[in-house]
Ligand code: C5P
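The data below hold one chain only, encoded as structure tokens and taken in the form predicted alone.
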Amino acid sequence: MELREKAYAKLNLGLDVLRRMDDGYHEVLTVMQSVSLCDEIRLKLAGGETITASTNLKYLPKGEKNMAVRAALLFFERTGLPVRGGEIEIDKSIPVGAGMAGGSSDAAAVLRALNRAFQAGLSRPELEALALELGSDVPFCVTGGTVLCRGRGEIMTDLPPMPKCWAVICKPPFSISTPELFSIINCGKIKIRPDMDGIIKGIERGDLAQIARRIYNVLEDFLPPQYSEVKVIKSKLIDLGALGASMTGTGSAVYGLFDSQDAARSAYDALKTQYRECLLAVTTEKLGLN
């Protein structure tokens, strides 16, 4: 049996950190948006009980440290279905360590594909509950779209699809450790916060300019000096015509929003000569599970 599924990247349209919770995690408030940039997943299920992963990036884990493998094992465990061993081939296009939920989206894609192929009948809430056991971003990645997320990201409220737009995404030649960045956040020292109400109203009105003007990621204010290239990329995107620009997640990728494909392509062409990982994507709507 061979299954194929796309795993879509996400962007954070504004990201606020509200407080440190009793469990040690930080409560965040953000709008997550899926985009067309995706990994290609192929599940080749043959027999036995061993599931491994292979990717076009040799340094990624092949066993249970790979989120896609963990997702498959968790699916069989929770549904009570016999494990179907085999290989999960992942053709990575989403940059690694970029804050774009690449590993999380791979895991969610595996859950979707197995649920469909084995007719397990898990509903969206059931799949999202399963996904949360794998990571905070995985529940969103089950169906994607435009979603207001709170808590660790798992408390989700669907929003209308945001106006179609194009994103130019640049990842500088470094990644940022999520635990390291959150360890230095002081919520009492956050001076600038994204206008989340304004972003949501912009989405409801279909006003891309209103959305783009209000995106902001408070984590940028706590970046150590060695990550200053994030702000450099933001400035370049604005200079090249982006309606707004921001770091996504804990970085290190930075994106700019454009209202026309031609404008986005022009900015992309200008930046791809400067950054090895420069990508062009368009916003996507919520996925179906059938």
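Residues carry their position along the shown sequence, with the first being 1. All of these numbers come straight from a predicted model, not from anything done at the bench.
This protein has a second form, the form predicted together with cytidine-5'-monophosphate, left out of what is shown; the following refers to that one.
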message: To test your reading of this chain, name the stretch in 187-195, 114-122, 128-136, 168-176 whose heavy atoms come within 4.5 Å of cytidine-5'-monophosphate in the model of the complex.
response: 128-136
- request: Taking 4.5 Å between heavy atoms as the contact cutoff, choose which of R213, R78, R152, K92 touches cytidine-5'-monophosphate in the model of the complex.
  value: R152
query: Just one of V28, I51, L237, C38 has a heavy atom within 4.5 angstroms of cytidine-5'-monophosphate in the model of the complex, so which one?
result: V28
